[in-house]
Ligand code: PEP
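Next up: a single chain in C-alpha cells, the form predicted alone.
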C-alpha cells in the first residue's frame, strides 16, 4: 500500500522527488540533530493523485491523523485545544525551489477559544495571540478562500494610520480579527472555519491547487521545471517569532549569493513571523546585528550555518525563527546565486577540499557562462524603457538609430556606434548587421534571420518588438505613448531581457570575454572560469567547432577554443558586389553565358576559402555548398514591379523582374534549393568544389570537408559526389564529402545515405522545421507564446532540441549510419549546437562534435564537459 506521509525523522535530503526540497531538507536537519520543530510531510505523489483525480488518495486522511496524533503526543498538546493549543504551519515544498510561487498558511488551529489559550502559553501576552489570529485569517482568506488580499491590507492600513504593525495593541488587533472575519463572511457567504482540522485540511488542498496557479506555471516555464512533478506539503509545529522583542525571524546565506564571497549575509526582523521578512512590511536589520540583540542565538546560528555548508558542500539558504531566545531552523536549501557567484563558489569549495574539480564543473552551467560573457547595462542607472521584444541575442548595445545597412556602414566607418532598426532583416542587411552594435526588429522571432545571424556574430539583438511602428521611408519609429525616435537618435537595447530604452545607458564590459579573447586571468572570477573551463576541456568527449563564414569569424572561433569549422555557409559570399555575378548567372541564356558567370565567381570563392583555411591553420573546415533558392539573391520583386509600372526600369531590370517571377516559389524552403539547385544548375556545385580544392592546395595543412545540403535520397548525393570526386582527383586534393541530415527522409534512410557519405552533419534548424511542419520564419510570433502558455511546449523546439521527435530521428540516423559505415563522422551544425541541453543530447546520442556560433563555443565546451561527467556519474551509480 502506498505511503503518503513521512515524519521528519523518516526522510532525508535524497528524497526530494517524494518529499520535495523543503521536506527532504527539514528531515535532513532533523537527522543532523539541529533544532527543527516536529513535523511531517505529505508527499508529492499525493499531490499528483489529487490534481489528476480531483480528490486526495484513499488512506491519506488516516495517515495524516496518525502523524498528527504522534506530533500532539510529542508536544503534549492537541491541535487547536482551547486551553493549550498546538498550532501548525502548512507549507508547500516542490522538488525544485520555487520561492514564493506557491502557498503557505501559518497559525493553523486558532479560533475564538484557542486564541486565549495561546495568550496563556505566552505568559498572558494577549497582543501576540490576537496578532497571530489576525495573521491566520488574513493568510487563509487570501490563499485558501481566494479572497482579494487588498481587502485585508486596506483594513490593516486603515487601522495602523501610519503606524507600524507592532504599534497596534491587543484590543486593536482583536477588533481587526472581527473585521477580517466580516470580510470572509461578506466575500464567501460563510463564516471563517473554526474547526482546526478543517482549517488544516483546506490549507493542504490550497497548497496542492497552488501548483497550477498562474504564477507557478510561469515560473516553471521560465526555469524549465517539469509541470508534472507536483508539490509536497509540510505540516510543522508552529514556533513564534512575534512573541516580543526577544523573538524574531530571519534568513541567512552561508556565502554572499551575489558575489560568492564568504562572510555573514542575511536579514533579521525582531518580533515578526517569517512572512514579514519577505513581504517587506518593515525594514529588516543586517544579520550581524543579531549578535548585539541575542549573542547566544547568533553564535548558535553561525555554528549551524557552518555545519550545513560542510554537510551540503554548497552555499546554503536558511530560514530561522527565534522564540523567546530559542533558535529554531525552519528551512535550508542549496541557495540560488548569480552566475559570477556560481563560478567563484564552485572553485572556493574545491580549495576548501569540500568538492572535487569535477564536481565544480557540474555545479555551473552554460547558461550562467553566457550571462558572464555578454556586456551588461549598469543596473544602478535610471533607464527609460520604451518597448520590449524577444531577447534574441544577449548583450547590451547603445548607438544611434539607423534604418538601412548602407547608413549603418557609413556611420560605423566614421567611428559611430549604431543600432540597425528594421521591420525584419534579410541577407542584404549583413553588412549593416556587421557594422552595427546591435539589431532591433519589429518582426520575427528567435530563429528569424536577424536573430540567427546576430547570435552567430555575437551581436546584441532584440526581435519582434511589435509595439514599435517602424517607417523605413520616414526613417523613424514610434513607440507606445507617442514616443518618436528618428534616425540619429540614441537608443539602448538589452538582448538579455528584450528591453529597449531611450537614450544612452552605460555599459559594463565583460572581463570573461576578454579572457576568451586571450587576456590572462587577472581577477578571482576570471580565474575561476579559467579553472573550470580547463577541466571541462580535459574530460569532454565531444569536439566543439564553429559556424563561421568569414576569416574574422574563424579567427574568433579559434580564440574561443573552437576545433574547426562545422558549418561554413557559402551563400553570404554571393552578396554585396557579387550580386551582379549572380544576376548574370540567373539571366544566362545559354551554356556559354552561364559558364562565364561561374568562371567570374570561382576566383572570388577561392579567395574566401583561402582566408578561412589560413585562419583555421590546419583545423577541419566543413563547407556547405550553396543552399538557399537563387531568387533570394535577386532584387525584391515588389521594388522591381513598382519601377516597372512607373517606367523607371532598364532592360536588365525588366529581365530581372521576369527572372524573379519565373523563380518565385510559394514555399521556397521546400522548393528549388540545396542539392536540387546543384543538380538543376549545371556547373554551380562544380565551381564551388573547384574553388574549395584550389584554396586547399594553396594553404598547407588545409582540411576541407565538402557538405551537400538538403539531401533526401542517396541518389542525389551520389550524383554530386561523383562530380566532386572527379574534380578533387584532378586537382590532387583530399577532402571528405558528406551531407547535411536535415530532412526526415534522410534520417530515416541514413543507412543508404551513409554508403555515399563520409560524414553527417545534422542541420537541426531545418530538421525541426520539417519534422514539426513549422515555418520557423512565421510560427514563433504567430502562436508559440500560446503553445508555451498551454504547456504544449516546455521551451521552443528551435531553442532546445526536441528529443522525442527530432531527437529520435537523429538517433535513428546515428545508429543506421554507423552500422553502414563504422567510421562515419557525426556532428550537428544547427542552432542547437550551442544550446546546453541539446549539447547533452548530442553527447548521449554518440555524435563526434557540435558546431555553433563562435560566441557559443565556450558554452558548448563547458556543457560537453558536464555531459561527460554526468555520464561517468551515472555509470558509477
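Residue numbers count along the first chain shown, from 1. Values in this document were obtained by computation on a predicted structure and should not be read as measured data.
Omitted here: the form predicted in complex with phosphoenolpyruvate. The next part is about that form.
Although the partner is absent from this view, residue 46 stays clear of phosphoenolpyruvate in the predicted bound form, with no non-hydrogen atom inside 4.5 angstroms. The closest non-hydrogen atom of residue 393 lies beyond 4.5 Å of phosphoenolpyruvate in the predicted bound form. Taking non-hydrogen atoms only, residue 763 approaches phosphoenolpyruvate to within 4.5 angstroms in the predicted bound form. Phosphoenolpyruvate is not drawn, but in the predicted bound form it has no heavy atom within 4.5 Å of residue 314.
Heavy atoms within 4.5 Å of phosphoenolpyruvate in the predicted bound form are found in one stretch of 810-818, 826-834, 27-35, 48-56, which is 826-834.
When you look in the predicted bound form, the only residue of 134, 545, 624, 91 with a non-hydrogen atom within 4.5 Å of phosphoenolpyruvate is 624. Among 676, 531, 569, 475, the residue placing a heavy atom within 4.5 Å of phosphoenolpyruvate in the predicted bound form is 569. Interface residues of 736-752, taken as those with a heavy atom within 4.5 Å of phosphoenolpyruvate in the predicted bound form (partner not displayed): 740, 742, in sequence order.
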